[in-house]
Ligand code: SAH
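Only one chain is given next, in structure tokens, and it is the form predicted alone.
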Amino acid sequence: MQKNDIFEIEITDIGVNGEGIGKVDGYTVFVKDAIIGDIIEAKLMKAKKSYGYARLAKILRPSPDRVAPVCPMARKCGGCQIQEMSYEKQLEFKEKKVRGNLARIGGVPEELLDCIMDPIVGMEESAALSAPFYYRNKAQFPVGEDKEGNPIAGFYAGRTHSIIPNTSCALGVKVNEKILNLILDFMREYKIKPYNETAHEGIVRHVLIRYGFRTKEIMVCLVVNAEQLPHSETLAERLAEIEGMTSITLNVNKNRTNVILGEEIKLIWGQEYITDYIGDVKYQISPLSFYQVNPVQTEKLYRLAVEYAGVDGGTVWDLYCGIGTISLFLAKEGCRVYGVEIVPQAVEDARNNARINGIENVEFFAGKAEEVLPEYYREYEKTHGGEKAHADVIVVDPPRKGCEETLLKTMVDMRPERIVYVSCDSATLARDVKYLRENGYEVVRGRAVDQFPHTVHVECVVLMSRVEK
């Protein structure tokens, strides 16, 4: 096939980025915005030797699982890849994705997966809509200007830095729209320029909004290319009239960078943090804090991790612990918990969260998990006359890249009875499961949790138990 060819194709699968996948005479084609079951007309935009990328030209026969998107910007925006797929089909796709990776990459036998995999944990339908929306407690909106020079806010189009104007995202909370429109009106009134990343000029770069689902507290943080925002007191007065407003801050980021947040926070009004709960654990959340964006599903995920851990006293290591979310859930079960996290600010947040919850049976270490745990293991052996360090349970919740092999080796050496692996990328999870299966552990339970409806992302948790050899 060649570029600009127009052809008919049936979509039979979905790729890692949400593209529909089909074949034409054995040639694999990826088509954005097409879903499983669609028969479409497409135009080839980029041709490789054995595969190509095409643009959806016309839907000839829609999939029985195709639905009308709630958001009119769904195809333009890069945030939702599969909003046009029924939620039931989304869950089926994600469950197959996790199971397929465990089988193909992890080498877990299909017959074992049949026994140990529980059904995916989806979001319950909202009262008003046929699939879950408005679930994100955090949103970061880039700010720019249109061709007429008016300030706009929205989201980047997929794989670009072109802003799609949209103040009414169907995944974020509804108050976001009111906040954004107020800020844009303020910028127009006082002629405050948005940031231009090409020229490195202008002031307002992003608007960060956080919302406490349980407390109803709201945080607004404006990311600015300046030390101050002109007329910031006036803006604060207007924002403070919104019910639930708790924190209004500036984040100073004067660097030429794609990184959204700088390190300096300046308080304009209220306090520098909001609070919220996951389960009965209270958290303080600052603009720089990592905090799961879907608290409803996060509680289900963490309760699942605690259930898998099966702790009843004993010692638990929680690696990549962030602000201590899973650590505090585990500590409430009565075990001794050691949390490890590379980001110093997150460690401070974790210690503070333990303090405000009155939890004392937890200790946090700042550093790389792949360095802290092996160092602890070596020092323990030195100071205990050759006795090996031991953990009853090790919990890991690594970034997308998974665990380094040095860390996996130390985990095996510590001989925990159980390893609970929480993952946001089932491919790297499966790779690490393969290593652990080859070194004395076996998968005994597993389950996917849909943290991000209408996207291709899915969380999962796997329990591995030590088997004697």
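A residue's number is simply how far along the shown sequence it sits, counting from 1. Quantities reported herein were computed from a predicted structural model and do not represent experimental measurements.
Form predicted in complex with the ligand: not shown, discussed below.
The three marked residues, T246, I274 and R355, fail to reach the ligand in the model of the complex, with no heavy atom of any inside 4.5 Å.
In the model of the complex, Y135 stays away from the ligand, with no heavy atom inside 4.5 Å. The ligand is not drawn, but in the model of the complex it has a heavy atom within 4.5 Å of E370. In the model of the complex, no heavy atom of P295 sits within 4.5 Å of the ligand. Residue contact check for F141: none of its heavy atoms lie within 4.5 Å of the ligand in the model of the complex. Stretch 362-370 is the answer when you ask which of 380-388, 145-153, 201-209, 362-370 has residues with heavy atoms within 4.5 Å of the ligand in the model of the complex. A single residue from the set G310, P399, P230, G313 has any heavy atom within 4.5 angstroms of the ligand in the model of the complex; that residue is P399. Of the listed positions (V220, I326, A350, V337), a single one reaches within 4.5 angstroms of the ligand by any non-hydrogen atom in the model of the complex, namely I326. For the partner-free chain shown, Y320, C321, G322, T325, I326 of 310-332 come within 4.5 angstroms of the ligand in the model of the complex, judged by any non-hydrogen atom.
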